[in-house]
Structures are given as C-alpha cells and as structure tokens.
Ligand code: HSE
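Shown below, as structure tokens, is a lone chain in the form predicted alone; questions about how it binds or moves come after it.
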C-alpha cells in the first residue's frame, strides 16, 4: 500500500473539504504537501507554508506522486492535468467540464504515459457511480442510465414544487445556501449535467461522444404555468440526464422530465443526486447521495486517493471491448435520430412548424399560454437550440 504525497491545485470549497477529510480519516496514508492557489491575499485556515503561486512548484517536484486538481477554470485545469500526466504523475480531478471537453485526449494521455487519472467526484458528488460502472457492471449488459446529476437545479425544483415559491426566489435561495454560483448558467441551462453525462456515457456504453452532440435543455424558463400544469397532473419536474441503448443505437440527452409519484426520483429532494441503472441481468438498481457541498464532493476525491494507494486505474473495458469487436468505439453508434414524447410550451408558431412533430396528442392555446404534447426528434430539438430561447419550456412527458 502506497503512501501518497499530494500536490493540490485549488483551495476553495472542495479543496478545503479534502484537507479536512484527509486529516480526519484513519487508514488513508496520504499527505497534502503543497497547495497551488491564485490569490495571495486571501485568508486561509492553514499555515501559508503549504501554499505556492507557481504551478511548476508542484508539477516539477519529483517527490510528489499525485496531483489533485480542484480549480474552476477548465482550460487551466486541462493544462495542469495534461502536464502532470506527461510527467507520469497520477492525477485526481473533479472538473467535469474539463474532462468532457477533452475526454478522448485525456484517455490517450493515460495510455501513453501510464499515468492513472481518476475523477469520481466529477459525476454525481458523493455517489460512487463511475467505479461501479467500471467494476460491478463491466460484464452486465447495461441498457439505460438516468439520473439527477445537478444539486443546484434539484434544490430549485424542490422549492418551486413543494414550497410553491417562484423560480427566481428558489434560485436566490440556492445561491444563499452555496449550491449555486453568482452566475448559475452552467447549472440551470443543464450544461453541468451534460458534462457529467458525457463522462458517464463512456463508462456506461464504451463510446466517446463530444458534449456538443448531446441535447441539453435546462430549467431557466420554468414558469408558473408549467408548475401549475405539473401540479394538476400530480407529477413533479426533475432535471434528468438519460442515456440508453436501443436497436443497436445509443441516445443521450438532458432535459426536465415529469416524474410520477412512486418513481424513485420523485422524492429526491434539495441538493441530493440519484442515479438509476438498468441492465439485462441485474434489472434496475438505484444510487442516492448528496450531489453538492464541500465534504460530499471531497469524499469522492478521497475515494480516488484511497484507490491510488493500491495502484488502481480505470481500464475502460467496455470501450476496449467495442474496439476489439467491431472497431466502432468513436461515437459511430451514437444517434439523435430518436423520437421523444414531450410537453412543449411555446409562443412562436414558427418554432412548432420548424420542430416538425411526428405526431401531436394534445394542443392547448390561450392568450398567454400555449403548449403541445407529442413526439419530436431529439435531432430537431438540438438543431433549433431551444436553450438559447427564453420563450419555451420543454419536458419529457
């Protein structure tokens, strides 16, 4: 069992949480030796002897065998992670955007430099979903993964549904609670959940898909009318990331969904996350845990450090099996040519025409509220960039 000497990048919410849990956890033979941060004048709870402001003080230190990257900037994070792996250092990261934007290149760097790269904390907070997909489900035939992968949006939707407060007030509450950033765009427009789904897609089905090929629609346009519609139907709205396999094709998307009482996602509240897997042999299994916060995320980083003590690394078994069997691992089986049944609130009749619904089951319109329920292609939803509009709301029905 190795003793790990760690160089840490970032000492924000998760970084301070990691420092705390390492020092409170018995059995983890790991020590944070040096911490690289940006701001020299910021007050910090530990001695300044730990800190440096030059990334090379960590990257060029041969006594450090693990780099933990916990910064916000995705481009800077990629520079740090790739430089560390090129030097043969093991790397742990929680940066889902950085990974999603550079996933295949990061995979190749691991192979070329024999450098383990672990990122459990990038997907669903404290839920150990990546390791389970890699190890427990390596031979079971997975057919579906869906989950609540963003604690901020789930907190907002809980408040709008259960406490009947407005979206704006719920967002403000999420920001005051520390779940949402001052600029919540990545969360509420479902980019954060899409980055996570991009990562989970590879570990679920063994394909690399570019994140901009995946449709995402968030909750930023949620209106009182949408909430009232859901209440009248006896359902709750949850932001769901979903990927599934059907007829030899794989689909993935992130969008709100009407959840009925009795569904496992119905009672997932506030900042909690949940993931449901469906497989040919083990049927459905459900994972539940905190998806935001200092210690929950730090616990996932800690689990990766514990794994590195035993020389663990991801094997990407499904990807390699796909390469061996048909040489079609690089997204060739991914499609957006799939019909979904949706509720669409809209104002512009041209949009309805452009989306080319395959069929419409219900249609309602009044002076200030129009919606249709019917089947539409995911490709059409992606093509018309609904997330850039402020006059629509779409929900998986």
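These figures come from a predicted structure and were not determined experimentally. Residue numbers count along the first chain shown, from 1.
Keep in mind that the form predicted together with L-homoserine is missing from the display, and what follows is about it.
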(request) Find out whether any non-hydrogen atom of residue 218 is located within 4.5 angstroms of L-homoserine in the predicted bound form, and reply yes or no. (result) no
(message) I'd like to know whether residue 181 contacts L-homoserine in the predicted bound form, with contact meaning heavy atoms within 4.5 angstroms.
(response) yes
(message) So, residue 149 and L-homoserine: in the predicted bound form, are they within 4.5 Å at any heavy atom pair?
(response) yes
(request) Flag residue 196 as yes or no: does it have a non-hydrogen atom within 4.5 angstroms of any non-hydrogen atom of L-homoserine in the predicted bound form? (result) yes
(message) Counting only non-hydrogen atoms and a 4.5 Å threshold, tell me whether 226, 256 and 345 all contact L-homoserine in the predicted bound form.
(response) no
(request) Please pick, from 133, 305, 292, 274, the one residue with any non-hydrogen atom lying within 4.5 angstroms of L-homoserine in the predicted bound form. (result) 292
(request) Using a 4.5 Å heavy atom cut-off, indicate which stretch of 156 to 164, 172 to 180, 229 to 237, 108 to 116 touches L-homoserine in the predicted bound form. (result) 172 to 180
(message) With the partner left out here, which residues of 239 to 266 have a non-hydrogen atom within 4.5 Å of L-homoserine in the predicted bound form?
(response) none
